[in-house]
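In the block that follows, a single chain appears as structure tokens, in the form predicted on its own.
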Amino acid sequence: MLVRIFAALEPDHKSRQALYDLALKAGIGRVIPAYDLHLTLSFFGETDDAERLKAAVRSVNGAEIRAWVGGRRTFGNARALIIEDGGAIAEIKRKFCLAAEFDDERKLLPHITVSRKDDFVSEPEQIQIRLCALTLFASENINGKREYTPLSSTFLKPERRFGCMLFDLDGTLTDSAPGIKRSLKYALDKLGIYGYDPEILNKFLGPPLVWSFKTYMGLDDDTAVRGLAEYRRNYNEMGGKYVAEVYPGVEKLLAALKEKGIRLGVATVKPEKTACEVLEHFGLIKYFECVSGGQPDERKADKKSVIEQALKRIGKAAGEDVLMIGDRVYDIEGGISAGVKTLGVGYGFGGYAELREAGADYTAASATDILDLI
């Protein structure tokens, strides 16, 4: 199958937002969304050789790149910010092209396209940015909009080593969708709710259930709480919580992180007792210093709070040496609000588009990809 592919360096969340704001200040009215800002290294056009290119990406290693905006330039209909770094970008490109056996004849000046509609009104300020990952993207035109899907990434080693990593549970450590959906169907049957599109149950994977019952099924507070009680009956008492599987590579990842001395915790809105039982059942609890979860009624569950609670129990302050790893927008937004770095796993319940739009600093296609960061 032919896929349009390119390789790019990705800024972290703060840098993407800074670049977006900079373009607005320089007079561009319609700026490319912050989550789509990237520095293209090489174009491959349409190719059916994606696996070889993925392998080439995975073979590259290097340190995070500190760069800065060095002016503006127009390339055809693209309005771009010129990126200067002293040669590190060229070195990453050289390593990648060598591994990909690709002779890139286009000697592009390193730049980040910020608009294809409006032009600059003034010269942009000079700001510093951080480039944290090399990613292979598939580019597709979907409903008249250009969509970029990560195919493979390698993370450039951060300047400051991660000393603490917090993991979401459902959709990150375990694929719990079958058990959750089984228990949801049971609860809805008990409430006398039928005829809904089964696909809507996928939206329940991640956020607090009372909120989901109200939002996706239109239930009032009391009925939503009854729904939660019926769900819990099936999930906890009838074994739904164990209808799940640990994602490939997760235990290998946790063992490697623990061996490296990285402090590990779980931060989930799932009730804490249930989370501990699930982790115990699948033999994962031994890797974690703490499990921070929500309250049984889930009415006050929010990701920022459980992240802050996890850090307090571990005795760790928020900062750039803490990484929150999850699969939904709530994990990423909660991590950002709590003042930590974030990583979104594309194999979970949310998908890459949701994670990138939420502002994830990193995205990973598999659990083993995360090993790059150590």
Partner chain sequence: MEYKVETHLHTALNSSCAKVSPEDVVRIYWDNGYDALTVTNHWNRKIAWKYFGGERREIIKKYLGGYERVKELADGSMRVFFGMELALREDYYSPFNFGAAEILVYGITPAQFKEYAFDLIEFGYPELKEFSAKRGWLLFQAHPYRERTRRIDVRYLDGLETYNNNPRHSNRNFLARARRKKYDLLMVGGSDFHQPEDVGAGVMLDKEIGNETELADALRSRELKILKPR
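Remember, it's a predicted structure, so these values are computed and weren't measured experimentally. Whichever C-alpha set is largest while still superposing within 1.5 Å between the two forms counts as the rigid core. Numbering follows the first chain given and starts at 1.
The same protein also has a form predicted together with the partner chain, omitted here; what follows describes it.
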If the cut-off is 4.5 angstroms on heavy atoms, which of these, F204, F155, Y247, F288, is the one near the partner chain in the predicted bound form? F155
None of G240, G294, G227, P150 but one has a heavy atom within 4.5 Å of the partner chain in the predicted bound form; the exception is P150
Counting only non-hydrogen atoms, choose the one of 195-203, 248-256, 133-141, 182-190 that falls within 4.5 Å of the partner chain in the predicted bound form. 133-141
Please tell me whether any heavy atom belonging to F349 falls inside 4.5 Å of a heavy atom of the partner chain, as the geometry stands in the predicted bound form. no
Indicate whether R16 is a 4.5 Å heavy atom neighbour of the partner chain in the predicted bound form. yes
So in the predicted bound form, is the partner chain close enough to Y35 to count as touching (4.5 Å, heavy atoms)? yes
Does the partner chain come within 4.5 Å of any heavy atom of R58 in the predicted bound form? yes
Heavy atom distance at most 4.5 Å to the partner chain in the predicted bound form, all of E10, K54 and D372: yes
For Q17, is the CA shift between this form and the one not shown at least 2 Å following rigid-core superposition? yes
How about T135 - superposed on the rigid core, does its CA move between this form and the one not shown by 2 Å or more? yes
Is the C-alpha displacement of Y186 equal to or greater than 2 Å between this form and the one not shown once the rigid core has been superposed? no
Do N143 and R356 move together or apart in the predicted bound form, judged by C-alpha distance changing 3 Å or more? farther
Work out the direction of the Cα-Cα change for S366 and S59 in the predicted bound form: closer or farther than in this form? It's 3 angstroms or more. farther
